[in-house]
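Take a look at this one chain, the form predicted on its own, written out in structure tokens.
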């Protein structure tokens, strides 16, 4: 479909300036226009008599013109004038005054005695009703703006819905729509053809045909994506690497100061099975906060090290990287696994020495941040890549680290519980291990929702925690005042607490704009119990471990996603004392209250994640769009699960049968070459 790649400037009426406006909507080619689906529709097929029109509700009606249009002009300052044209129309139920402002040329097209179909919004009250600037067309016309279902497109300033619709129709007329789904699959799943689907989604002939078009296009998006994942997985399974020996694991288990849960043992067993298979592993280990993923990663690193392979563990922050080193080095170094840390805050001399040790093979487990990705970091024999909190890395970053070895195994860890519907898309090319047990001794965290009326009681509770020798996290949605109107800002709130509310307590501040060394110093001081209260932004969301902290207060909790709140809650309950999470919000919106109450009712991260996906959609699931999450133009992962399952099965059958048409291959290639595609 070569014409699909043509610039929209090849369409009549689209010059450089208008092309720039379309580019703001992500539209640069004719193919982009075809896939620029309406965000909504107006059903103008229902015709009402004038007497049944309701104020402020757009509607279509048929009426005859009973007066000649009369244009009036009112002078305004600066040699300007207001022009308006009045005309009266009527049907068998009543009369209606129409007014056209600055559109006399339009109104003059109305001929007395002729009948037209109108579309507009009634305004007024019991004193009188009227309609301003309605759209209209002769009753014997085709019906371009009335008596049809009208598409409503997303717009940007300078572009009208009419302009976008005309451009789309021009693209449809110009382009040849090729079929990506085999006939037998379309027949099996009751899908219309590609050409009909695109025409109906943009110019629906009926509500039923629109629904059939939507289902077909949703199926196609999921089908192409699933086919791409199946192809990636198939390529991975034909690669070979030397099998690892896994006989030395008893040494690792004996060194642990505690027993592993059944879920941890199961995940380790699946990883070891991958190691023995002689094919590159690509596995996701996901588990709730505190479920023990780090020990699973430690087992994998131990096995790789014993097979004389290097391991790279990439963490999203220096604090988390150092925490991993502090946990893993005392366990693994006595077993002969040499651990080393590589982060951006090291001095130039320190980095040089660390990189030399890595290149010489003197380091078995290299724990670091993005410093691992630089060209200066060269591994002697990288055999395993571990990405911690994968959703915080781009696909390109993960690929860059994998490229530093010869077919290294990949282990992804995520403490963000991902709903199965989303995991199928995010990690459809990976094998998945789920750790669904918490280690013994983890304290359940009681969660409460309060508003500002409880502020004095909450402050008293914070003082009580401090008196008992415990610590409190207070999380704010903004760093500085003015960032987000009327929300608690960490800097100002920390000062208020320090000077006015808790002058006798030790209050610290932590936020993302601080330098790495500053953040690390504050966090280490808080962990060492040098502060009673830490006021912070969500920089503490991942990885911070302070067993003495027993209280998490989240200000303006309605501004956070459920999964993010659950992550914050996971920062406490890590010691032996009872722990509490207090969500503070004055938002009385029913949906918001239901969402926050759902968090209070359960500590199951996977249930919370499913609810979060339903409420916020996949694009916002992690708080901000991240590389690796595909952009679906019409499919919705939360609402279209059944279609997703059907499309995945159909795609798997197609790839297994080798029945990939040129059109499907072209669509898959375009997806595989997209920077947002997850590829190992």
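Bear in mind the structure is a predicted one, so any value in this text is a computation, not a measurement. Numbering follows the first chain given and starts at 1.
We do not show the form predicted in complex with adenosine-5'-diphosphate, though everything after this point is about it.
- Residues placing heavy atoms within 4.5 Å of adenosine-5'-diphosphate in the predicted complex fall in a single listed stretch, namely 255 to 263, out of 255 to 263, 100 to 108, 203 to 211, 582 to 590.
- Among 120, 439, 280, 477, the residue placing a heavy atom within 4.5 Å of adenosine-5'-diphosphate in the predicted complex is 439.
- Proximity to adenosine-5'-diphosphate in the predicted complex, taken as a non-hydrogen atom within 4.5 angstroms, holds for one residue of 488, 511, 409, 293, which is 293.
- None of the heavy atoms of residue 530 is located within 4.5 Å of adenosine-5'-diphosphate in the predicted complex.
- adenosine-5'-diphosphate is not shown here, and in the predicted complex it never comes within 4.5 Å of any heavy atom of residue 220.
- Interface residue remark: residue 288 is counted as part of the site for adenosine-5'-diphosphate in the predicted complex, having a heavy atom within 4.5 Å.
- Although the partner is absent here, residue 322 lies well away from adenosine-5'-diphosphate in the predicted complex, with no heavy atom inside 4.5 Å.
- Residue 574 is the sole member of 560 to 590 found to place a heavy atom within 4.5 Å of adenosine-5'-diphosphate in the predicted complex.
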